[in-house]
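Next comes just one chain, in structure tokens: the form predicted alone.
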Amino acid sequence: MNFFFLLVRELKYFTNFQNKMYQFLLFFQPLMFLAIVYFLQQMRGGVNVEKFVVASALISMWSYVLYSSGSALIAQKWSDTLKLLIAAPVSLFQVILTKAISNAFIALLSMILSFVYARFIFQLPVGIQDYGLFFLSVLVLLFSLSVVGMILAIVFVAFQNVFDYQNLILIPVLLICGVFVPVDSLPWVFRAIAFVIPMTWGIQGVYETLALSPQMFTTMGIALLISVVYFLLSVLIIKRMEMVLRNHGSLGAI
């Protein structure tokens, strides 16, 4: 069993039509958000439709990563297979990294579906001026989302009622990270929190690329730098978890 085999298995699982929850997140949730944007445009007019179309795609990406990556380890814990992973011929870090990357790929698919729905079902403009730069900023955002997904997988393994916490942070994180309003317009307390979240910079990079802002490369560079710091931190924590599991047979010692 190697990394690519694990990656393909994860992609098959989360795109399987028997998996109702994730199919709703992937295929139907973008339709709901875009329907809101469509009727908002019809009723009020003068709405920045391009930004809201991208925002609906970002919401779909975040919710998918939150629920899939955030539940990665706790699902193993519930089924009592987490300890078996230690005996597997792959490291725990490799398993979590595979899940985070596969979820990022599917999050990208969610964004593409959102744009296809917007263009061909709702006839809404997407507003991308430079597809190359936009794709580059999306890759940076996907790296940030993958790292956040790894951190969530580590944090949520300590909670039994993980879905309650996921529902609780779904919208606040979107608000703090600047999906709906610019981070600079938030109170300083929330700005301080937002600036240490790698996803904030990834989202800002996507918006700046749409506007072809001169700061877009700087923002993407900051997003990569913070994401690398979180990535290294998550590696250390996962190694620690693996050592505790080997020594005690459970995570209760953490």
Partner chain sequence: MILLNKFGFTYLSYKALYSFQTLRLFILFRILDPFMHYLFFATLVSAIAGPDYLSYVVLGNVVFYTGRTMMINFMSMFRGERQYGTLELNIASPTSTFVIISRKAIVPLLDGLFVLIVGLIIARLLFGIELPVEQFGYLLLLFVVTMFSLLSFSLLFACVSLLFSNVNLFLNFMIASFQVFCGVNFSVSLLPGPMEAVARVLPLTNSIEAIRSIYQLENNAIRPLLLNELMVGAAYFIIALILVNVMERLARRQGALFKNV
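Numbering follows the first chain given and starts at 1. If you're wondering where the values come from, they're calculated on a predicted model, not measured in any experiment.
The form predicted together with the partner chain exists for this protein as well; it is not shown, and the discussion that follows is about that form.
Colleague: Work out which of the listed stretches, 104-112, 147-155, 132-140, 177-185, brings a heavy atom within 4.5 angstroms of the partner chain in the model of the complex.
Modeller: Partner-contacting stretch among the options: 177-185.
Colleague: How about Pro172: is it within 4.5 Å of the partner chain in the model of the complex, going by heavy atoms?
Modeller: It does: once the partner chain is placed as it appears in the model of the complex, Pro172 has a heavy atom within 4.5 Å of it.
Colleague: Would you classify Val189 as touching the partner chain in the model of the complex, given a 4.5 Å non-hydrogen atom cut-off?
Modeller: Although the partner chain is absent here, Val189 would stay clear of it in the model of the complex, with no heavy atoms inside 4.5 Å.
Colleague: Considering only heavy atoms, tell me if Phe33 and the partner chain come within 4.5 Å of each other in the model of the complex.
Modeller: Close contact exists here: in the model of the complex, Phe33 approaches the partner chain to within 4.5 Å, heavy atoms only.
Colleague: Is Ile59 close to the partner chain in the model of the complex, meaning a heavy atom pair under 4.5 Å apart or at it?
Modeller: Yes, Ile59 lies within 4.5 Å of the partner chain in the model of the complex.
Colleague: Even though the chain is shown alone, can you say which residues of 30-45 have a heavy atom within 4.5 Å of the partner chain in the model of the complex?
Modeller: Residues within 4.5 Å: Met32, Phe33, Ala35, Ile36, Val37, Phe39, Leu40, Gln41, Gln42, Met43, Arg44.
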